[in-house]
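Here you get one chain, nothing else, as structure tokens; it is the form predicted alone.
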């Protein structure tokens, strides 16, 4: 089957990868550079049990599968070092609440936090450690997926005639937010800091009164700091308020971030359905994967595999009803 996938973000690239592995002929269509949409600004945290604090079971279950999927697809890029969650002394009740709403974690005391992340020694009395979680850097991950697809003969086009393909899969993300689509935009903002005064081995989440902060180490003294969730489709630069709040929260995690260099800021509009659960929609020749919200890297592999199974079952269904 010849398949056109519109959009080369995390949804489109994972869908292409799953389909090519099953022997389908796939072409990618993206008028922009692949991987440069909202996926470019993602945290890359494969943290299903942390996300379970607010996300439903379908996201947690898909995210658990995603860790192995990414590790198999991109050997060496997934770091299985868990997630550390901490809170200032004044917010210990929030830590207790988070623990009640999640699973697969263990409590750490001050000594346990220091053993896990020496840079945070003496800064927090208690924390939660989600040992089974993982993370990856989205930018090299998407580049590696694209390279693997190119080696397998996948073409990347900026223009294409959709009628020339037997199946069209719309993974265009934000571009699909149209009247009647049931999608809305959720704005995420992030920044990159650079400092040699602190080292972290894994993503650290800080429960903060206004912005639940996460800091993800990217190597060479770089840290990705995010992220806001604003109900807006405004696609401008990061706001002064968000920048100040992210920096203040990072400073709360460790004062060394106060002297760090801000080397990049970014924003992305993430499409979401009313229930914030990504899904496959459409029928027959035209299908779509969308509504990734903040769960792109968690949900994309499961949706890609579901899509592949659905396309393989479709000819049999049509034969049975003919």
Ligand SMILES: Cc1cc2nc3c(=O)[nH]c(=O)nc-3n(C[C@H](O)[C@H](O)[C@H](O)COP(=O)(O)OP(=O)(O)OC[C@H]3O[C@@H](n4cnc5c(N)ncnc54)[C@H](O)[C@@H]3O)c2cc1C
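Positions refer to the first chain, counted from 1. Since the model is a prediction, treat every value here as computed from it, not as a measurement.
In what follows, reference is made to the form predicted together with the named molecule, a form of this protein that is not presented.
Enquirer: 98, 130 and 204: each with a heavy atom within 4.5 Å of the named molecule in the predicted complex?
Expert: No, because 98, 130 and 204 lack any heavy atom that approaches the named molecule to within 4.5 Å in the predicted complex.
Enquirer: Is residue 82 close enough to touch the named molecule in the predicted complex, meaning at least one heavy atom pair within 4.5 Å?
Expert: Because no heavy atom of residue 82 falls inside 4.5 Å of the named molecule in the predicted complex, the answer is no.
Enquirer: Does residue 172 make contact with the named molecule in the predicted complex, using a 4.5 Å heavy atom cut-off?
Expert: Close contact exists here: in the predicted complex, residue 172 approaches the named molecule to within 4.5 Å, heavy atoms only.
Enquirer: Is the gap between residue 49 and the named molecule in the predicted complex 4.5 Å or less for some heavy atom pair?
Expert: So residue 49 does not count as contacting the named molecule.
Enquirer: Give a yes or no for residue 55: in the predicted complex, does one of its heavy atoms lie within 4.5 Å of a heavy atom belonging to the named molecule?
Expert: No, residue 55 is distant from the partner.
Enquirer: Considering 253, 62, 287, 45, which brings a non-hydrogen atom within 4.5 Å of the named molecule in the predicted complex?
Expert: Contact check passes for 45.
Enquirer: For the stretch 111 to 135, return the residues whose heavy atoms include at least one within 4.5 Å of the named molecule in the predicted complex, in the order they occur.
Expert: Residues within 4.5 Å: none in this stretch.
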